[in-house]
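First, one chain by itself in structure tokens, the form predicted on its own.
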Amino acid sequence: MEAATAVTWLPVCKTTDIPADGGACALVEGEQVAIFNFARRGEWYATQNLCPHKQQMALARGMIGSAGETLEPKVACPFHKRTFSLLTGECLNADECAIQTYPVKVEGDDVYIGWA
């Protein structure tokens, strides 16, 4: 049995830094992370900012929405419209790429991501 990786909660921004139903980029430990405030659902998500298809730092500028019958939260890359699950990072309309996702918690007006 493998030991669970310890998660460190890092403060990344204030809730007011991220637009409602949109995203913004934060620099975390030298890496660009896209933070999303899915206000319509009352949920927060974080992923890598790098689109694996075009190798561009763009996902924070993508459109968020819901996919399929399960209404899975997703982000669409603004350049080529590939969509990725905000829960798992899986590409929802192609199978050759995926993105890293991070746990998010909000305490007061501070947004934290879980960093392993």
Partner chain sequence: MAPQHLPTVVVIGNGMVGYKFCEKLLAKSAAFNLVVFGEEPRVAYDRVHLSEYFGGKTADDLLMAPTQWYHDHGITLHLGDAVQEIDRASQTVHSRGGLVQPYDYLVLATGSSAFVPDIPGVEKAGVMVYRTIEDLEEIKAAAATSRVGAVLGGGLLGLEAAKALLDLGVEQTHVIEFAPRLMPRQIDAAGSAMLQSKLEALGLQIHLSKATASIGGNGRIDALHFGDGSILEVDMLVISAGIRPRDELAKLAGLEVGLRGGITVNDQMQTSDPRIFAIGECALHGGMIYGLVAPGYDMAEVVASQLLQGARAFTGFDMSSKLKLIGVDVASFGDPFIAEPHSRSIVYEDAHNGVYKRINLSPDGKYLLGGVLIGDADAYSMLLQTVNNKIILPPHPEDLILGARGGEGSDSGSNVLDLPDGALICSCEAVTKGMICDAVTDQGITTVDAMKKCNKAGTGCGGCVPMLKDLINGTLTAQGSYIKNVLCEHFDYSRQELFDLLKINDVRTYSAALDQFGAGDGCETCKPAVGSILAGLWNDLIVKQNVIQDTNDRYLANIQKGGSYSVMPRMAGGEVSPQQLMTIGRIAEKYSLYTKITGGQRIDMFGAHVSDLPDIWEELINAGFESGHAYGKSLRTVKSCVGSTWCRYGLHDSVSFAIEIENRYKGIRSPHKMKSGVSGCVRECAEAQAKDFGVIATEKGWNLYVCGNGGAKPQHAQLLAGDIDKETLLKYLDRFMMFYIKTADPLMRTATWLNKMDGGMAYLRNVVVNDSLGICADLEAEIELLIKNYHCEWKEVVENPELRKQFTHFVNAPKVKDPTMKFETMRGQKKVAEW
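Positions refer to the first chain, counted from 1. Small disclaimer: the values here were computed from a predicted structure and weren't measured.
Quick note: we don't show the form predicted together with its partner chain, though the next part is all about it.
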Can you tell me whether residue 107 touches its partner chain? I mean in the predicted bound form, with a 4.5 angstroms heavy atom cut-off. no
Can you check whether residue 88 is within 4.5 Å of its partner chain in the predicted bound form, heavy atom basis? no
Contact flag, residue 44 vs its partner chain in the predicted bound form, heavy atom cut 4.5 Å: no
Partner proximity in the predicted bound form: residue 60 to its partner chain, non-hydrogen atom cutoff 4.5 Å: yes
At 4.5 Å by heavy atoms, is each residue in 52, 99 and 115 next to its partner chain in the predicted bound form? no
Going through 60-82, which residues have a heavy atom within 4.5 Å of its partner chain in the predicted bound form? Please give them in sequence order. 60, 61, 62, 63, 64, 65, 66, 67, 68, 71, 74, 76, 78, 79, 80, 81
